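There is one chain below, alone, in structure tokens, taken in the form predicted alone.
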């Protein structure tokens, strides 16, 4: 039945660390909570674990309201960033400790330890001490200690952040395998968008304690409903260009950025004086001699078979992520400050309210240089 968080608020004095957040983790789902440092994601995780008492709101685990219930009685397991292994104990004893404290019979303990060690491929490590383990091995021991409890859900607080880049890539595969082995719900906190996009069945994007958008990774990337989501996901992130807006008819607007114009029909309510931004992904930029827009080339970065071309339009800047071909290769010989024609793939321009972050339901009629 998973985990359900309803109208969760955590307030410290006048500061709301978590501001009326609601979401559901489906049974067996891998849900990632993604956001910048200080946005409240770890606080939410600690509320689910029972380590932080919410100011208001309700938390249910497997259909049971757990507000006010001790962490040990919530039937969840938490995996921490620093592994939290006892250095004087063997791997075997670290895994078995919680079961020993619950006075589970020794034969049952031995069976569970051996089973989980086999599944996570750490059987040969059972008699070693934590200081003898690599970072990846220590992380798998931390997972084994959580897994052996057979909880209703796993809570993971940036468990890969202490590993180097190569090992993080390897451990992402381990995490997906871990999910398949356990079949349990996982709530995974990270500030790393690559982890979020590769691991999550769905991602909850958080900022300033507020839930901004929750959806499948592909939907979040392709159809962000908020300016923050558009700018936070993607490497490089979505290009955001300020626009001047002029009303031309009922629901129709002329949007100008630099010397470029886009004609748009807005289905939502909008005032011509609204602070408005246009967004498009770097990978959706097309360099073409007959492109409808023009921008000033700043510089070009070589990325092997790809390149990042940096442009200016007035005070705004944007990046184009381009494959190297006969057209884009010319940019390497183009002087800085030269005007270049470009376009954006059909239906890949988004219009946002710059103040609220709301994405307008917009239909582009045409684009004129």
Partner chain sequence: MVTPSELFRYAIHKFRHLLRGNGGTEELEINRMSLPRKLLLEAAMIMVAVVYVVPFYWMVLKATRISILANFPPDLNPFSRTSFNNFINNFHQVWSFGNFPTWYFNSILVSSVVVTTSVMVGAMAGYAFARLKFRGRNILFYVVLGTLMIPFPVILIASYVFMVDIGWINSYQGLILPQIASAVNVFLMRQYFLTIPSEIEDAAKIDGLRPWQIFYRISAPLAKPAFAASAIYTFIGSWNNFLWPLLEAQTVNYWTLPLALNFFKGANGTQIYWNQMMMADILALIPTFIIYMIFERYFIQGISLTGTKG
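Numbering follows the first chain given and starts at 1. The term rigid core refers to the most C-alpha atoms you can superpose between the two forms while keeping them within 1.5 Å. In this text, all values refer to a predicted model and were calculated from it rather than measured experimentally.
Not pictured, yet referred to below: the form predicted in complex with its partner chain.
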Just checking whether residue 71 would be counted as a contact of its partner chain in the model of the complex - the rule being heavy atoms within 4.5 angstroms. yes
I'd like to know whether residue 46 contacts its partner chain in the model of the complex, with contact meaning heavy atoms within 4.5 angstroms. yes
Could you tell me if residue 87 has a non-hydrogen atom within 4.5 Å of its partner chain in the model of the complex? yes
Is the gap between residue 123 and its partner chain in the model of the complex 4.5 Å or less for some heavy atom pair? no
Only one of 98, 132, 275, 169 comes within 4.5 Å of its partner chain in the model of the complex by heavy atoms, so just point that one out. 98
Scan 78, 141, 285, 204 and let me know which has any heavy atom within 4.5 Å of its partner chain in the model of the complex. 78
Within 4.5 Å of its partner chain in the model of the complex, do 210, 354 and 358 each have at least one heavy atom? no
Based on heavy atom distances of 4.5 Å or less, which listed stretch (98-106, 238-246, 176-184, 255-263) is in contact with its partner chain in the model of the complex? 98-106
After the core is matched up, is the C-alpha of residue 102 off by 2 Å or more between the shown form and the other one? yes
How about residue 144 - superposed on the rigid core, does its CA move between the shown form and the other one by 2 Å or more? no
My question is whether residue 91 is one of the residues whose C-alpha shifts by 2 Å or more between the shown form and the other one, given a fit on the rigid core. yes
